[in-house]
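The data below hold one chain only, encoded as structure tokens and taken in the form predicted on its own.
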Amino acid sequence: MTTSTGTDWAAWQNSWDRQQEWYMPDREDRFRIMLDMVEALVGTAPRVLDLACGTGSITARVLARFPEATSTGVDLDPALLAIARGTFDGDDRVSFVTADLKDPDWAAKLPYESYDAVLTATALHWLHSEPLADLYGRIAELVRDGGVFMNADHMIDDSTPRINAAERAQRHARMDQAKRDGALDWAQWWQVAAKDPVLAEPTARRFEIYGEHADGDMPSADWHARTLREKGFAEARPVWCSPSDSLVLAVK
């Protein structure tokens, strides 16, 4: 979709996907399993909260698979939200909220009091364990009984250091080759965004908020599942994993 500003939002979405896939070649696999589990547990017309939504990557895939779904995207990043809002402009199934997930009252800004599914991917690793556990408690309050929460992210098992080192070396060797073939990394992608007439200003604001990159903790999938149960979910476990990432599913 190209708007009156001349911005091709679909091109920005594609560019974001390619940049993310440089880090995660199996990115679509986790989305596929995520949506499989949404369908299995809450059906094909879910009310979804796309948590730390970025450009709306999850929302796009939810609506492509479930046309009767609705989605609320929440994020603080003004540049990624600009892409998200431009992409879904005019789609009454979608709304976006600007909020800081570290603010205890962030959920008060949402249009609904409860959701069938709260979904997030490659976003919550910028939180340290204690605020992430607090966030999980708030999410448990938002998910209806029988509803689901899923988090796909980099989750490190510190009990396997040799496996971790070998996996990381191989992954980074492949990333280096992809970069030689022209793939953009995180920093390069943001450099392009900063030069765009429409995204330059929100990109500058984004770096005022976050800096270069906010790195929190990356606890194991077992930690995530245990913490989710402690915070109010009845069941939680990984339902997909790669050598470096996991998708943890919790059911209220």
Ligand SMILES: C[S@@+](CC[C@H](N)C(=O)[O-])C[C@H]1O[C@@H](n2cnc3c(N)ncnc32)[C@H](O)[C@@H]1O
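A residue's number is simply how far along the shown sequence it sits, counting from 1. Remember, it's a predicted structure, so these values are computed and weren't measured experimentally.
We do not show the form predicted together with the named molecule, though everything after this point is about it.
Asker: Is every one of D185, M218 and S244 within 4.5 Å of the named molecule in the predicted complex, counting heavy atoms?
Answerer: No: none of D185, M218 and S244 comes within 4.5 Å of the named molecule in the predicted complex.
Asker: Taking the shortest heavy atom distance, is E141 within 4.5 Å of the named molecule in the predicted complex?
Answerer: Answer no; every heavy atom of E141 is more than 4.5 Å from the named molecule in the predicted complex.
Asker: Find out whether any non-hydrogen atom of Y210 is located within 4.5 angstroms of the named molecule in the predicted complex, and reply yes or no.
Answerer: Looking in the predicted complex, residue contacts with the named molecule include Y210, since a heavy atom lies within 4.5 Å.
Asker: Is A123 close enough to the named molecule in the predicted complex to count, meaning some heavy atom within 4.5 Å?
Answerer: The answer is yes: A123 has a heavy atom within 4.5 Å of the named molecule.
Asker: Can you tell me if C53 lies within 4.5 angstroms of the named molecule in the predicted complex, counting non-hydrogen atoms only?
Answerer: Yes, C53 sits close enough to the named molecule in the predicted complex that at least one of its heavy atoms falls within 4.5 Å.
Asker: With the partner removed from view, which of 125-133, 156-164, 142-150, 173-181 is the stretch that lies within 4.5 Å of the named molecule in the predicted complex, judged by heavy atom distances?
Answerer: Careful reading of the contacts points to 125-133.
Asker: Heavy atom within 4.5 Å of the named molecule in the predicted complex: which of R93, K109, R168, K102?
Answerer: Partner contact (heavy atom, 4.5 Å) among the options: K102.
Asker: Can you pick out, from W9, W22, F233, W16, the residue that has a heavy atom within 4.5 Å of the named molecule in the predicted complex?
Answerer: Among W9, W22, F233, W16, a heavy atom within 4.5 Å of the named molecule in the predicted complex occurs only for W16.
Asker: Just give me the residues of 25-45, first to last, that have a heavy atom within 4.5 Å of the named molecule in the predicted complex.
Answerer: Those in contact are R27, F31.
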